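Shown here is one chain on its own, the form predicted on its own, set out as structure tokens.
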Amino acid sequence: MQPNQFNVDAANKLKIVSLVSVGKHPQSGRMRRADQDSRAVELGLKLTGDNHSGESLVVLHAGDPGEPNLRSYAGMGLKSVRVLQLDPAADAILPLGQHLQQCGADIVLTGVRAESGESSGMVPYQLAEKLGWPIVPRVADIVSVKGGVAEVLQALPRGQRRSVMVKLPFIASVDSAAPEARQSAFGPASRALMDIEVVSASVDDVRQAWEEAAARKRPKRLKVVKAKTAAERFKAATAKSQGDGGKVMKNESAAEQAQAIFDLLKEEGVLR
């Protein structure tokens, strides 16, 4: 069965909830709608057969209701976005689990991982553990839902797909292999209602003790390889570098750090 042949009449009886977060562009760092979360919303619109109305799909966010990028999801054709107002340092698993139980969700769609915050990818697994529901990771499509059982198309490496049958209710994390989300329209996004519900949750003390710093890509050590064939040259160019040693200098003085760099450059033959 092709993705556009989904049984819309059966799907309209379902309760679909898509969990969304605030994304961050990997190059510019600008805040935006998250790519995988927007694909989850796109899949939810397909499952509910709303045709841009978004009335049967609940898009849920736990966090700050004043975040302007949440309206980017509403611009996909939704009339409202539901927000559980939480402290930024609070643990969202408990209030999210309680809300999903109360609303009677059949399918919960999430991204594989968030683009900001912890980005651990553990939220769908923790929700599945709390609710006692099955979870299907890295979903590319949901083909059909019949008799309380869904046929899910799971994304595998190298473009492969695997068909999985799972009973409702369940949680699915949507992979980047899922259909790309439609563009967000400014008019519907600005007119959408932000349905805010204030909830209380305990503060994550462990997270408050963390120290965050911008990630830096480590330079790849050059290695001269004498290859005779094109296959050997390609293998040498794509091989992962192996670090043989080194040390982390954090509390040493600037002079000591500079001397260590100078010694390393001499050992590698950069300086003669």
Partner chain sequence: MSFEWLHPLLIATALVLAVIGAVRRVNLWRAGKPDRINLIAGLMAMPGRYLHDLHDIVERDKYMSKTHAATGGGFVLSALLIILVHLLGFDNQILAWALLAALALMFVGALFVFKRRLHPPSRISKGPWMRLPKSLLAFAGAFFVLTLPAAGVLPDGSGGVLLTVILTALIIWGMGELFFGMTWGGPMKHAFAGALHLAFHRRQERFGGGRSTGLKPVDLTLAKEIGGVLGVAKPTDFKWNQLLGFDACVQCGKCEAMCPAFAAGQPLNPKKLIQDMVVGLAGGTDANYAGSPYPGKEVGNAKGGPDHIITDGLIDPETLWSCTTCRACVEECPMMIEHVDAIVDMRRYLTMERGKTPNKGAEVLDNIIATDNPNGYAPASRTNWAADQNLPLMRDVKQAEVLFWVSDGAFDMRSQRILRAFVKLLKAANVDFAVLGDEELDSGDVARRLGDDATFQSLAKRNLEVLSQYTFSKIVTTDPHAYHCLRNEYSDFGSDALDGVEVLHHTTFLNQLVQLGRLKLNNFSGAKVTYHDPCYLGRYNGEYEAPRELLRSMGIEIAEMERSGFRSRCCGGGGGAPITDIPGERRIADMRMEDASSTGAELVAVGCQQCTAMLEGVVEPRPEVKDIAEILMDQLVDPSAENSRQDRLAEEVH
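Computed from a predicted structure; not experimentally measured. Positions refer to the first chain, counted from 1.
Omitted here: the form predicted together with the partner chain. The next part is about that form.
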{"property": "Segment assignment from 178 to 186, 99 to 107, 117 to 125, 162 to 170: heavy atom within 4.5 Å of the partner chain in the predicted complex", "result": "178 to 186"}
{"property": "The partner chain contact at Lys13 in the predicted complex, heavy atom, 4.5 Å", "result": "no"}
{"property": "4.5 Å heavy atom contact, Ser190 to the partner chain in the predicted complex", "result": "yes"}
{"property": "Exercise: Arg33 in contact with the partner chain in the predicted complex, heavy atom 4.5 Å", "result": "yes"}
{"property": "Partner contact for Gln208 in the predicted complex: the partner chain, 4.5 angstroms, heavy atom", "result": "no"}
{"property": "Stretch 13 to 31: residues contacting the partner chain in the predicted complex, 4.5 Å heavy atom cut-off", "result": "His25, Gln27, Ser28, Arg30"}
